[in-house]
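Next up: a single chain in structure tokens, the form predicted alone.
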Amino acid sequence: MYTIREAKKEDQAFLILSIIEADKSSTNICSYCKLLEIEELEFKQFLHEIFEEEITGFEFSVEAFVVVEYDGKPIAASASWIESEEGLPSWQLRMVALRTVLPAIHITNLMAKSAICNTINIKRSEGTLQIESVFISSEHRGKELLKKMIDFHIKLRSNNTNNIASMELLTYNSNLLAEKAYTKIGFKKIEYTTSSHEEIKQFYPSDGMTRWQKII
């Protein structure tokens, strides 16, 4: 039996797994690791440290996540927040968090690739419900857990604000399974990017991103 609940501190390891696997998008490329020039195991440790800082307004926090359990074990997770509700856009909060725990060399590595990053990145819309880091264990896919998690996020965030009119999410253009899943539950493509940099796929699972939107 599946149970959906808000994430707890003891879920951290599974939430970090969800962040990394969602970013990989069924490839072996973790963009955070490639851009920061860091090994995945070390990046997981830094994510644990960021989670301990309890910075909210983006996906690197327990508060952002909901978890699906099956027989008492987490098998799916996803994050959400209201963009810029904390006063800063999520990308700035993410940089604050990274700078808080990472050695300066890794931030330098990231900044050196900013021109490449900017060719693929998409700006999120202020005041919208953002869905991020969606991960469902392979053996539990096809059970409508994606829709159930998103519905849970809507209910959860609506308790704190009455101004949520739409939700958004970002996917890599190559993630056709995600495209099929989000289209099925009513999301529509509203923007996409494609990078002309030949080296883009050294750092990302795809050469472009898509912004999806659904009116609530």
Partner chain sequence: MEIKTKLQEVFRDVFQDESLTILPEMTAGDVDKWDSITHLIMISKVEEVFNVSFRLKELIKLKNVGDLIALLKEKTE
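Numbering follows the first chain given and starts at 1. All values derive from a computational prediction rather than experimental measurement.
The form predicted in complex with the partner chain is left out here; the points below concern that form.
Partner contact region in the model of the complex: 49 to 57, out of 186 to 194, 172 to 180, 49 to 57, 146 to 154, criterion any non-hydrogen atom within 4.5 Å of the partner chain. Interface membership of Ile75, defined by any non-hydrogen atom within 4.5 Å of the partner chain in the model of the complex, is ruled out. Though the partner is left out of this view, Ile120 does not reach within 4.5 Å of the partner chain in the model of the complex, counting heavy atoms only.
The closest non-hydrogen atom of Arg99 lies within 4.5 Å of the partner chain in the model of the complex. The partner chain is not shown here, but in the model of the complex it comes within 4.5 Å of a heavy atom of Leu110. Contact here is defined as any heavy atom lying within 4.5 Å of the partner chain in the model of the complex, and by that definition not a single one of Ile19, Ser25 and Val66 is a contact residue. Annotation for 72 to 93: interface residues with the partner chain in the model of the complex are Glu86, Gly87, Leu88, Trp91, Gln92, Leu93 [heavy atom within 4.5 Å].
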